[in-house]
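So this first bit is one chain, no partners, the form predicted on its own, shown in C-alpha coordinates.
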(Lines give C-alpha, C1' and ligand atoms only; values in the text may rest on other atoms or scores of the structure.)
Protein backbone atom coordinates (compact mmCIF):
# COMPACT_ATOMS: atom_id res chain seq x y z
CA UNK A 1 0.00 0.00 0.00
CA UNK A 2 1.32 3.45 -0.96
CA UNK A 3 1.54 5.96 1.90
CA UNK A 4 0.99 9.71 1.87
CA UNK A 5 4.32 11.54 1.50
CA UNK A 6 3.20 14.11 4.08
CA UNK A 7 1.54 12.17 6.92
CA UNK A 8 2.07 8.48 6.19
CA UNK A 9 -1.64 7.63 5.94
CA UNK A 10 -2.84 5.48 3.01
CA UNK A 11 -2.55 7.51 -0.18
CA UNK A 12 -5.43 7.99 -2.60
CA UNK A 13 -3.33 9.53 -5.38
CA UNK A 14 0.23 9.05 -6.62
CA UNK A 15 1.91 11.83 -8.61
CA UNK A 16 4.46 9.68 -10.42
CA UNK A 17 6.00 12.63 -12.24
CA UNK A 18 7.22 14.08 -8.92
CA UNK A 19 7.59 10.84 -6.96
CA UNK A 20 5.05 11.70 -4.25
CA UNK A 21 1.69 10.40 -3.05
CA UNK A 22 -1.11 12.01 -1.04
CA UNK A 23 -4.03 11.13 1.20
CA UNK A 24 -7.31 12.96 0.53
CA UNK A 25 -6.63 15.83 2.93
CA UNK A 26 -3.12 16.53 1.69
CA UNK A 27 -4.10 16.06 -1.94
CA UNK A 28 -6.58 18.95 -1.64
CA UNK A 29 -3.94 21.14 0.04
CA UNK A 30 -1.39 20.26 -2.65
CA UNK A 31 -3.94 20.87 -5.43
CA UNK A 32 -4.91 24.26 -3.99
CA UNK A 33 -1.27 25.40 -3.71
CA UNK A 34 -0.55 24.49 -7.31
CA UNK A 35 -3.63 26.19 -8.74
CA UNK A 36 -2.99 29.37 -6.74
CA UNK A 37 0.63 29.30 -7.92
CA UNK A 38 -0.58 29.06 -11.54
CA UNK A 39 -2.95 31.99 -11.02
CA UNK A 40 -0.15 34.14 -9.57
CA UNK A 41 2.46 33.03 -12.09
CA UNK A 42 0.37 34.08 -15.10
CA UNK A 43 -1.33 37.05 -13.38
CA UNK A 44 -4.78 35.77 -14.20
CA UNK A 45 -6.83 37.97 -11.88
CA UNK A 46 -6.77 41.41 -10.34
CA UNK A 47 -8.21 42.47 -6.99
CA UNK A 48 -11.48 43.52 -8.64
CA UNK A 49 -12.98 41.19 -11.24
CA UNK A 50 -16.36 40.17 -12.61
CA UNK A 51 -15.51 36.54 -13.32
CA UNK A 52 -17.63 34.42 -15.65
CA UNK A 53 -16.84 30.71 -15.64
CA UNK A 54 -17.60 28.78 -18.83
CA UNK A 55 -19.31 25.59 -17.63
CA UNK A 56 -20.42 22.58 -19.67
CA UNK A 57 -21.61 20.44 -16.78
CA UNK A 58 -18.60 18.13 -17.08
CA UNK A 59 -16.00 17.51 -14.38
CA UNK A 60 -13.36 20.04 -15.53
CA UNK A 61 -15.61 23.06 -15.88
CA UNK A 62 -17.60 22.26 -12.73
CA UNK A 63 -14.31 21.91 -10.85
CA UNK A 64 -13.23 25.32 -12.20
CA UNK A 65 -16.52 26.88 -11.05
CA UNK A 66 -16.25 25.24 -7.62
CA UNK A 67 -12.65 26.37 -7.18
CA UNK A 68 -13.20 29.97 -8.34
CA UNK A 69 -16.33 30.35 -6.21
CA UNK A 70 -14.45 29.04 -3.17
CA UNK A 71 -11.44 31.29 -3.86
CA UNK A 72 -13.70 34.34 -4.34
CA UNK A 73 -14.63 34.15 -0.65
CA UNK A 74 -11.09 35.35 0.09
CA UNK A 75 -11.29 38.25 -2.39
CA UNK A 76 -14.05 40.81 -1.63
CA UNK A 77 -13.60 42.49 -5.02
CA UNK A 78 -14.62 39.41 -7.02
CA UNK A 79 -18.07 38.51 -8.30
CA UNK A 80 -18.64 35.12 -9.94
CA UNK A 81 -21.20 33.99 -12.50
CA UNK A 82 -21.46 30.92 -14.74
CA UNK A 83 -22.20 30.56 -18.44
CA UNK A 84 -23.27 27.40 -20.25
CA UNK A 85 -23.49 27.04 -24.03
CA UNK A 86 -26.20 24.56 -25.04
CA UNK A 87 -25.12 23.18 -28.41
CA UNK A 88 -28.25 21.07 -28.81
CA UNK A 89 -26.78 17.54 -28.71
CA UNK A 90 -29.53 14.99 -28.15
CA UNK A 91 -29.04 12.60 -25.24
CA UNK A 92 -25.98 14.47 -23.97
CA UNK A 93 -26.45 18.13 -23.25
CA UNK A 94 -29.74 17.65 -21.38
CA UNK A 95 -27.92 15.48 -18.81
CA UNK A 96 -24.99 17.85 -18.33
CA UNK A 97 -27.29 20.87 -18.06
CA UNK A 98 -29.02 19.11 -15.17
CA UNK A 99 -25.70 18.60 -13.33
CA UNK A 100 -24.71 22.21 -14.06
CA UNK A 101 -27.92 23.69 -12.68
CA UNK A 102 -27.78 21.51 -9.56
CA UNK A 103 -24.23 22.58 -8.72
CA UNK A 104 -24.67 26.27 -9.60
CA UNK A 105 -27.77 26.53 -7.42
CA UNK A 106 -26.18 24.60 -4.55
CA UNK A 107 -23.11 26.87 -4.63
CA UNK A 108 -25.15 30.05 -5.01
CA UNK A 109 -23.76 31.02 -8.41
CA UNK A 110 -25.95 33.05 -10.82
CA UNK A 111 -25.88 31.64 -14.34
CA UNK A 112 -26.92 32.12 -17.94
CA UNK A 113 -27.59 29.47 -20.60
CA UNK A 114 -27.14 30.38 -24.28
CA UNK A 115 -28.19 28.02 -27.07
CA UNK A 116 -26.87 27.37 -30.57
CA UNK A 117 -30.47 27.20 -31.79
CA UNK A 118 -31.30 30.74 -30.68
CA UNK A 119 -27.97 32.43 -31.42
CA UNK A 120 -26.59 30.53 -34.42
CA UNK A 121 -29.87 29.43 -35.99
CA UNK A 122 -29.45 25.65 -35.66
CA UNK A 123 -28.49 22.99 -33.10
CA UNK A 124 -25.16 21.21 -33.45
CA UNK A 125 -27.01 18.06 -34.53
CA UNK A 126 -28.67 20.06 -37.33
CA UNK A 127 -25.37 21.73 -38.25
CA UNK A 128 -23.59 18.37 -38.59
CA UNK A 129 -26.40 17.12 -40.83
CA UNK A 130 -26.33 20.28 -42.98
CA UNK A 131 -22.54 20.06 -43.27
CA UNK A 132 -22.72 16.45 -44.47
CA UNK A 133 -25.43 17.31 -47.00
CA UNK A 134 -23.35 20.21 -48.31
CA UNK A 135 -20.25 18.00 -48.58
CA UNK A 136 -18.21 20.18 -46.20
CA UNK A 137 -14.97 18.52 -45.01
CA UNK A 138 -15.42 19.27 -41.30
CA UNK A 139 -15.77 17.06 -38.24
CA UNK A 140 -18.52 17.89 -35.68
CA UNK A 141 -15.86 19.13 -33.24
CA UNK A 142 -14.84 21.84 -35.72
CA UNK A 143 -18.33 23.34 -35.86
CA UNK A 144 -18.74 23.00 -32.11
CA UNK A 145 -15.40 24.61 -31.28
CA UNK A 146 -15.87 27.60 -33.58
CA UNK A 147 -19.41 28.43 -32.51
CA UNK A 148 -18.78 27.76 -28.80
CA UNK A 149 -15.80 30.15 -28.71
CA UNK A 150 -17.84 32.74 -30.59
CA UNK A 151 -20.80 32.54 -28.20
CA UNK A 152 -18.68 32.34 -25.05
CA UNK A 153 -17.03 35.66 -25.82
CA UNK A 154 -20.24 37.36 -26.94
CA UNK A 155 -22.32 36.18 -23.97
CA UNK A 156 -19.57 36.79 -21.39
CA UNK A 157 -19.17 40.36 -22.66
CA UNK A 158 -22.94 40.89 -22.45
CA UNK A 159 -22.79 39.65 -18.83
CA UNK A 160 -20.20 42.32 -18.04
CA UNK A 161 -17.31 39.90 -17.54
CA UNK A 162 -13.80 41.24 -17.07
CA UNK A 163 -12.37 37.73 -17.38
CA UNK A 164 -13.67 34.38 -18.66
CA UNK A 165 -12.48 31.21 -16.91
CA UNK A 166 -12.45 27.92 -18.81
CA UNK A 167 -11.89 24.43 -17.40
CA UNK A 168 -9.07 23.47 -19.77
CA UNK A 169 -6.44 21.33 -18.03
CA UNK A 170 -2.90 20.22 -18.83
CA UNK A 171 -4.10 17.30 -20.97
CA UNK A 172 -6.35 19.55 -23.06
CA UNK A 173 -3.52 21.99 -23.76
CA UNK A 174 -1.01 19.31 -24.68
CA UNK A 175 -3.51 17.65 -27.03
CA UNK A 176 -4.36 20.96 -28.73
CA UNK A 177 -0.68 21.79 -29.15
CA UNK A 178 0.13 18.41 -30.71
CA UNK A 179 -2.91 18.61 -33.01
CA UNK A 180 -1.76 22.00 -34.32
CA UNK A 181 1.78 20.72 -34.84
CA UNK A 182 0.58 17.65 -36.73
CA UNK A 183 -1.70 19.77 -38.90
CA UNK A 184 1.00 22.38 -39.49
CA UNK A 185 -1.30 25.06 -38.10
CA UNK A 186 1.53 27.31 -36.90
CA UNK A 187 -0.55 30.49 -36.75
CA UNK A 188 -2.94 28.93 -34.24
CA UNK A 189 -0.03 28.18 -31.89
CA UNK A 190 0.26 31.90 -31.17
CA UNK A 191 -3.19 31.79 -29.55
CA UNK A 192 -2.34 29.00 -27.09
CA UNK A 193 -1.36 29.57 -23.48
CA UNK A 194 -2.68 30.07 -19.94
CA UNK A 195 -4.09 33.51 -20.78
CA UNK A 196 -5.49 33.58 -24.29
CA UNK A 197 -7.28 35.67 -26.84
CA UNK A 198 -6.78 38.72 -28.99
CA UNK A 199 -4.98 40.82 -26.42
CA UNK A 200 -6.06 44.41 -26.05
CA UNK A 201 -8.87 44.19 -28.58
CA UNK A 202 -12.10 45.94 -27.72
CA UNK A 203 -14.95 43.48 -27.39
CA UNK A 204 -12.80 40.51 -26.47
CA UNK A 205 -13.04 39.10 -22.93
CA UNK A 206 -9.70 37.87 -21.63
CA UNK A 207 -9.71 34.08 -21.07
CA UNK A 208 -7.76 32.24 -18.40
CA UNK A 209 -7.19 28.56 -17.65
CA UNK A 210 -6.70 28.05 -13.92
CA UNK A 211 -5.98 24.31 -14.39
CA UNK A 212 -3.38 24.97 -17.08
CA UNK A 213 -0.66 23.01 -15.21
CA UNK A 214 -2.97 20.39 -13.65
CA UNK A 215 -3.38 16.93 -15.26
CA UNK A 216 -6.91 15.74 -16.01
CA UNK A 217 -6.66 12.89 -13.47
CA UNK A 218 -6.06 15.38 -10.68
CA UNK A 219 -9.13 17.44 -11.63
CA UNK A 220 -11.14 14.19 -11.40
CA UNK A 221 -9.76 13.48 -7.91
CA UNK A 222 -10.55 17.07 -6.84
CA UNK A 223 -14.17 16.78 -7.95
CA UNK A 224 -14.64 13.36 -6.31
CA UNK A 225 -13.15 14.50 -2.99
CA UNK A 226 -15.40 17.56 -3.01
CA UNK A 227 -18.47 15.42 -3.64
CA UNK A 228 -19.72 16.83 -6.92
CA UNK A 229 -18.42 14.44 -9.56
CA UNK A 230 -21.05 14.72 -12.34
CA UNK A 231 -22.83 11.90 -14.12
CA UNK A 232 -20.50 10.72 -16.88
CA UNK A 233 -22.07 11.10 -20.28
CA UNK A 234 -19.81 11.00 -23.32
CA UNK A 235 -20.44 13.41 -26.18
CA UNK A 236 -21.57 11.26 -29.13
CA UNK A 237 -19.24 13.18 -31.45
CA UNK A 238 -16.08 12.86 -29.31
CA UNK A 239 -14.82 9.60 -30.83
CA UNK A 240 -15.04 11.07 -34.34
CA UNK A 241 -12.37 13.68 -33.68
CA UNK A 242 -8.58 13.56 -34.05
CA UNK A 243 -8.23 14.54 -30.40
CA UNK A 244 -9.74 11.23 -29.22
CA UNK A 245 -6.93 9.12 -30.68
CA UNK A 246 -4.20 11.60 -29.82
CA UNK A 247 -5.32 11.66 -26.20
CA UNK A 248 -4.90 7.87 -26.00
CA UNK A 249 -1.34 7.91 -27.34
CA UNK A 250 -0.20 10.80 -25.15
CA UNK A 251 -1.57 9.00 -22.08
CA UNK A 252 0.41 5.89 -23.04
CA UNK A 253 3.59 7.97 -23.23
CA UNK A 254 2.88 9.59 -19.86
CA UNK A 255 2.33 6.19 -18.25
CA UNK A 256 5.64 4.89 -19.59
CA UNK A 257 7.57 8.13 -19.17
CA UNK A 258 6.08 10.17 -16.27
CA UNK A 259 6.46 13.90 -16.84
CA UNK A 260 6.02 13.74 -20.63
CA UNK A 261 2.98 16.02 -20.57
CA UNK A 262 4.80 18.70 -18.59
CA UNK A 263 7.73 18.63 -21.02
CA UNK A 264 5.35 19.05 -23.96
CA UNK A 265 3.69 21.96 -22.13
CA UNK A 266 7.07 23.68 -21.70
CA UNK A 267 7.71 23.28 -25.43
CA UNK A 268 4.27 24.75 -26.12
CA UNK A 269 5.01 27.87 -24.08
CA UNK A 270 8.39 28.45 -25.77
CA UNK A 271 7.11 27.88 -29.30
CA UNK A 272 3.91 29.90 -28.81
CA UNK A 273 5.92 32.86 -27.54
CA UNK A 274 8.29 32.67 -30.52
CA UNK A 275 5.37 32.51 -32.96
CA UNK A 276 3.66 35.49 -31.29
CA UNK A 277 6.79 37.61 -31.63
CA UNK A 278 7.18 36.70 -35.27
CA UNK A 279 3.55 37.03 -36.34
CA UNK A 280 2.40 40.28 -34.79
CA UNK A 281 -0.73 41.42 -36.58
CA UNK A 282 -3.47 43.97 -36.00
CA UNK A 283 -6.67 43.04 -34.13
CA UNK A 284 -9.76 43.29 -36.34
CA UNK A 285 -13.54 43.25 -36.20
CA UNK A 286 -15.57 40.84 -38.32
CA UNK A 287 -17.17 42.83 -41.15
CA UNK A 288 -20.31 40.64 -40.92
CA UNK A 289 -21.15 40.40 -37.20
CA UNK A 290 -18.76 42.91 -35.63
CA UNK A 291 -17.22 40.44 -33.19
CA UNK A 292 -13.44 40.39 -32.52
CA UNK A 293 -11.58 38.43 -35.19
CA UNK A 294 -8.12 37.77 -36.59
CA UNK A 295 -9.51 38.08 -40.13
CA UNK A 296 -11.94 40.34 -41.99
CA UNK A 297 -14.69 37.72 -41.62
CA UNK A 298 -14.64 35.61 -38.45
CA UNK A 299 -14.64 31.83 -38.61
CA UNK A 300 -18.16 31.60 -37.16
CA UNK A 301 -19.60 33.77 -39.94
CA UNK A 302 -17.65 31.81 -42.57
CA UNK A 303 -19.18 28.55 -41.36
CA UNK A 304 -22.67 30.00 -41.10
CA UNK A 305 -22.43 31.16 -44.71
CA UNK A 306 -21.24 27.73 -45.85
CA UNK A 307 -24.04 26.03 -43.91
CA UNK A 308 -26.70 28.51 -44.97
CA UNK A 309 -27.86 29.27 -41.41
CA UNK A 310 -28.19 32.33 -39.19
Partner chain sequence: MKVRWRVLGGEWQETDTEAKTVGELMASLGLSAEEYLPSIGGKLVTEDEELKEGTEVTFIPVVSGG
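Residue numbers count along the first chain shown, from 1. Quick caveat, the model's predicted, so the values are computed rather than measured.
Below, we refer to the form predicted together with its partner chain, which is not included among the displayed structures.
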{"item": "Interface residue in the model of the complex among 75, 192, 179, 224, criterion: non-hydrogen atom within 4.5 angstroms of its partner chain", "value": "224"}
{"item": "The unique member of 187, 105, 133, 234 whose heavy atoms fall within 4.5 Å of its partner chain in the model of the complex", "value": "234"}
{"item": "Contact stretch among 28-36, 56-64, 41-49, 263-271 - heavy atom within 4.5 Å of its partner chain in the model of the complex", "value": "56-64"}
{"item": "Partner proximity in the model of the complex: residue 129 to its partner chain, non-hydrogen atom cutoff 4.5 Å", "value": "no"}
{"item": "Contact test in the model of the complex: residue 298 vs its partner chain, heavy atoms, 4.5 Å", "value": "no"}
{"item": "In the model of the complex, residue 238 touching its partner chain (heavy atom, 4.5 Å)", "value": "yes"}
{"item": "Touches its partner chain in the model of the complex: residue 286 (any heavy atom, 4.5 Å)", "value": "no"}
{"item": "Sequence-ordered residues of 1-19 touching its partner chain in the model of the complex, heavy atom within 4.5 Å", "value": "1, 2, 11, 12, 13, 14, 16"}
